[in-house]
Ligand SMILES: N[C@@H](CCC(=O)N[C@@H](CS)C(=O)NCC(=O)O)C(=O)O
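Coming up is one lone chain in structure tokens, specifically the form predicted on its own.
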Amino acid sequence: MKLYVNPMSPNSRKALLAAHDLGIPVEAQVVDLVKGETKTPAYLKMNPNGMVPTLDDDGFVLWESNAIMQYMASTKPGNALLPDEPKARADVLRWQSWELAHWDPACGTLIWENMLKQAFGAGAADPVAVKAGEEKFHRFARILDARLAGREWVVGAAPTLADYSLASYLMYAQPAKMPLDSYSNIKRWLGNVEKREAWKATQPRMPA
């Protein structure tokens, strides 16, 4: 499998986390986002969205990070990341869908405004956008924190794709100034994720 990624991208990291945990060897092709390598005709032919990650499995091209994670897990029957039991599997897919619809936008606003905006030459953080991002973050962090009360993992007794999907954005919790202090269950759970070998192996070099 060839995986087009940028290690600094939370969505790329999701796919890398799944591959590492599943023991799937992937040929990682690093795509330079700053240089616009996702916007070249060759890349857009694979992924018309011009985003990362993109998977090429012997000619089968797949984009969308959660779909890539699920596909990789499906090639390893019986793995714990995507359970076979229908209700447990549906629960994993539910939280991955929630991540795309709610968690990604909530975290993404703060990542952009507080961390990436100036780096990409788009000016200083917009206080109005930051405030809106913080309100959205609190709204959905409360839901995730309540889910994790008395739980080690989001679904079941072992890590699943849901944990990696949700945790990937929190790799930037500090530089993006995500207001995590009042969410003790999320912080405890994130500590569990950070102890995983897959997390350590996919940790990118953080910018200064």
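Note that residue numbering begins at 1 and tracks the sequence as displayed. Keep in mind that what you see is a predicted model, and the values were worked out from it rather than measured.
Below, we turn to the form predicted together with the named molecule, even though it does not appear here.
The partner is absent here; in the predicted bound form, the one residue of Lys45, Lys39, Arg151, Arg139 having a heavy atom within 4.5 Å of the named molecule is Lys39. Checking Gly156, Pro175, Pro179, Gly50 for any heavy atom within 4.5 Å of the named molecule in the predicted bound form turns up a single hit: Gly50. Residue heavy atoms within 4.5 Å of the named molecule in the predicted bound form occur in exactly one stretch of 179 to 187, 57 to 65, 139 to 147, 22 to 30, and that stretch is 57 to 65. At least one heavy atom of Ser9 is located within 4.5 Å of the named molecule in the predicted bound form. Within this chain, Ala88 is remote from the site of the named molecule in the predicted bound form, having no heavy atom within 4.5 Å.
Although the partner is absent from this view, Leu100 contacts the named molecule in the predicted bound form, with a non-hydrogen atom inside 4.5 angstroms.
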